[in-house]
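First come two forms of one protein chain, each written alone as structure tokens, so that there is a structure 1 and a structure 2.
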Structure 1
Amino acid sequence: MGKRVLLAPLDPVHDIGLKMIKRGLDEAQHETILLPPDLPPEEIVREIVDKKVDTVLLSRTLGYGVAEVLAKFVDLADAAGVREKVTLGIGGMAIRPELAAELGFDAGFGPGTTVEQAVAFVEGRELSTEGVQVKKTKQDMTAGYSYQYRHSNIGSLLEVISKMILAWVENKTSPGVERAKVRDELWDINRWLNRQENKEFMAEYPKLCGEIPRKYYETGELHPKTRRFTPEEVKGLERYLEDVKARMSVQKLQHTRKKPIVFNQYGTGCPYLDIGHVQVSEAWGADGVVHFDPSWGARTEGFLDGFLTHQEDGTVITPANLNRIHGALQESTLWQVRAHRGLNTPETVVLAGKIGADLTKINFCYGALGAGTDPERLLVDAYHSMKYAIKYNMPFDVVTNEELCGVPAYKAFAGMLIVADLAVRLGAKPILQPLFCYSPEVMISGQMEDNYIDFNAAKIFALRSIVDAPIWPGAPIGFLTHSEDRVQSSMTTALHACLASALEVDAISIASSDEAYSGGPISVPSKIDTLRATMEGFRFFGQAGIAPTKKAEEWSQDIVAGIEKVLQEVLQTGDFVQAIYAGLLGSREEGAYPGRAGRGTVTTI
């Protein structure tokens, strides 16, 4: 049976919330009377008496004198003899539920109250939260892409380069490849999970490791910046996880759109803090998270074992660390374990695949030019990594962060397309990852003097004109537009996210608002800042678009022409590794230096 409800603002002007609630009550077949703003409390009380209403909903937005106004209203309602006859609720920006209760209201609704909650109050029922909880499912961003070339000449050039690489790599191996093979064939994860020994694995694995892991396996000595968790700490984590699991909730960032999927990177050094950070990211709407390892881990042959914390950036990859983090994830969260650049690239893919990662990250060009691994070694390792990515059903992004070293986009993209083409030929699902940022190239050449839209849009237009493949700008978007100020930093992230959304890319990786701060690890509030800003940005634009200027199309054509030229030059060398050394995919003058880690470790079978 419908209720008779009086709605009255106790404010000079603000009654938007009450109007929205009125609409909800009308739709729910209640009879509503909405009074205008700025009526004195005496007049509102008179209306309650005259109209014989069941429920009164008041609102108050202004904070000044709120307690006095509310107290006076309740006194007047008492004096008029209606307080006991009506259900009295108050809501609004200035309302705190405890204040309302203290003053004798039946309910007080603070900021963020929904129409559904107000209707439930009028109807005298508890609001079920079931219906409003966000349910997410894991998404495959590679679904529906054909990987067919739209630019036939670039497709043809890539085919020949891939064949050249395949011919070079097929009879070569490295310690990284051998360790991955042992991890793949001899490390039984079920035995490991049941705390049983993997004797065959342990007989082979340490022999293939460098000094740090070998010492660990022989003497138990750990890397100096790491330590094991104590049993008490482990129990504490398990209690924490149980508590959070019981109250976990997640938000959806994209408003009315389905894309882009939003990723957040983590890698505090400590798996406990990582779990804390990941869960907060999930709660505030991140759809995926990226595991970020320490830089020394990429230069060390082999992995340690055990549940370890690390005192610096980057979380040590061990089976136990990955497994604990994986176990704490929401079912819907995409988990990427990046493997793209170091001496453990193929083994990382195997380990991540066995433990349950959804995605990995492989790029032998960036990994050799921007992150310090010998090109020959990384090419062999990446080739095998791709094969394991196929085996463990993990798509991977092909990041182009060599742009941050100073390599022009067209060269970085040529490298990305070479990696992607080889991957597709092997049967993998690569995802193109252009930088969406204020890169050194544009600082020098001026393509972003007017705006940050055109050149980023040009990159997407260029890639789409070449191939039908998923695109995941990163990493993170807005790099080098961030400052240490959280408002500025959150805003620039949100704007880049909205541009990415308007361009209908498949995913983005976003920074935290302290991305530019170099004095310590990223903090959880800073993660929330950019997630909230991104959510608001998506809410602001909805399905509306962003229009680049004609420069975007011009620059897109320049990028495509540059890629084509680079691919022709690579082909002319007749040797892909030599092409890297020759600087065709990024030269020393531009800031790209072929890495040295693992040099001389490739052997012919």
Structure 2
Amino acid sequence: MGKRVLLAPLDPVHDIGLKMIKRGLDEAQHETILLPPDLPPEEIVREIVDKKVDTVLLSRTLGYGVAEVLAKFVDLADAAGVREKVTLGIGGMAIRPELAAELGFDAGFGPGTTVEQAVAFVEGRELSTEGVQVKKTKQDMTAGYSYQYRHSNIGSLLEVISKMILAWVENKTSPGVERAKVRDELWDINRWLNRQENKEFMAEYPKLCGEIPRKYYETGELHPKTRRFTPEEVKGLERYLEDVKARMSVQKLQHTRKKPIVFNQYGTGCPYLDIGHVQVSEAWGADGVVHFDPSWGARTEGFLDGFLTHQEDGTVITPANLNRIHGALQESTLWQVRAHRGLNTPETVVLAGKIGADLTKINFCYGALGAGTDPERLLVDAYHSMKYAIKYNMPFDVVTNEELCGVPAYKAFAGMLIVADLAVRLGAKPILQPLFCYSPEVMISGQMEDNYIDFNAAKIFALRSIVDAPIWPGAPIGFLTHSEDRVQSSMTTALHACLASALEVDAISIASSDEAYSGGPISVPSKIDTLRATMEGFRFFGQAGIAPTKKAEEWSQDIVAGIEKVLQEVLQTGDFVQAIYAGLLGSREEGAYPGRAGRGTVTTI
């Protein structure tokens, strides 16, 4: 049976929402009476009495004095003797359910309420969130890509270089490879989860570790900048997780587009804080999160264990830390555990795979040039990392952050393509990750003096002209366009995100608005800044595009020519490791220095 519903705005002008609800009620066969804006509350109450309505729906958009206006209305309805006779709802931009309940309304509807929810309220049905709550699922950004070369000569050069690398690496190993093998073959995760002994693993693993992890396993001594969580802290975390999971709902950032998937990284040093950051990212729409490891961990042979917090940036990798973070993730959240550099690269892939990561990160060129690991060691470790990534079904991105050291894009891209080609030949699913920011190369050469669009677009055009592969710009987008001003940083992040969306890339990584200037761990509000800015940017552009100038195509061709030239030079050396030492993929003059960590540790089998 239809209801008699009176709709009235408690505002001077705003009644659009009520008009939309009126249409929904009319279509549901209810009788509606819509009053004009700017009527005094006394006149609205008189209409309620005269029209003998069942339900009253009010709206209030202006926030100024909202509590006083609504309280006065309820008092007037009480005085007129109609409050108990009608169902009273209030909605609008200034309304929150808690405020409405406190003031005596039967329901309050905030921003985002649908017409269907309002109709359900009028009909006395349970307020359903069906159709309002976002349902997200994990996406495979590598699906549908063939990895076939569109640039035949570059494809041919890469094939020969990959064969050269495979011939060099096939009979070599390292302490990192041997630990990964032990972790893969002897570490039984189910026994570990059940706190059962793993004697076979413990008999072998410490012998392959450096001093810090070995001391931990032999004496229980921790790294001086780490400590265990106390039992009270663990209980507090579990209560927090239980509470948040009960209330959690996720948002969608992309508006009408399906791409790009948006990743946000964490790595405060404290897994407890990281879990909070992850959940904020999920609640504000991030589709994936990236685990950021610490600097000392990358230079240490082997992992500690235990639920540990760390005093510096970058959360220490332990099985317990990863497992706690994994257990806190929403089912739809893609989880990447980075393994692209350092002395634990292959073991990180194994550990991440066993605990449930969806993605990892491997690049023996960037890791050997900008992160301090010996090129020979990292090439051996990365080769085995790729094989483990295949085993545990983890696609990985091939980052090109050596550009941040000053390496030109064409050299960084040549290295990225070498890594990706080798990965594809082994059966892996690499994802190309061009730097999408104001890099040192363009600061010096001036390609971004007019705009930030053309050179970033040129990179995407260049890669697409070479190979059919997924592209995930990062890392993060907009880097070096950010300042201490959080509004400015959020805006440049959003603009880069919109450019990436217009170029139809598969994913992006975004930073928090204080990431470069926090002076310590990033803050939660700054994380929300860039997620909200990105959402608004996607909403603003929708399916509309961004048109680069003709410069983008010209620079794209320059990048492709540069890549081809570098690959020919690498091939001429006849030795890939020596090509790195020779600076062919980034020279000392450009700011890329071959790493030293792990030097001399590669052995022939």
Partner chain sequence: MPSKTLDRVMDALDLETFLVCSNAEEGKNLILSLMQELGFQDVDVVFIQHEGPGVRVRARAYVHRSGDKYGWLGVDDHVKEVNHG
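Every residue number counts along structure 1's sequence, beginning with 1. Whichever C-alpha set is largest while still superposing within 1.5 Å between the two forms counts as the rigid core. Here the structure is a predicted model, which is why all the values come from computation and not from measurement.
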Quick one, which of these two is the form predicted alone?
2
Align both forms on the core first, then report whether residue 95 has a C-alpha shift of 2 Å or more between structures 1 and 2.
yes
Please state whether residue 75 has a C-alpha shift of 2 Å or more between structures 1 and 2, with the rigid core used for the fit.
yes
Cα displacement of residue 36 between structures 1 and 2 reaching 2 Å, rigid core superposed
yes
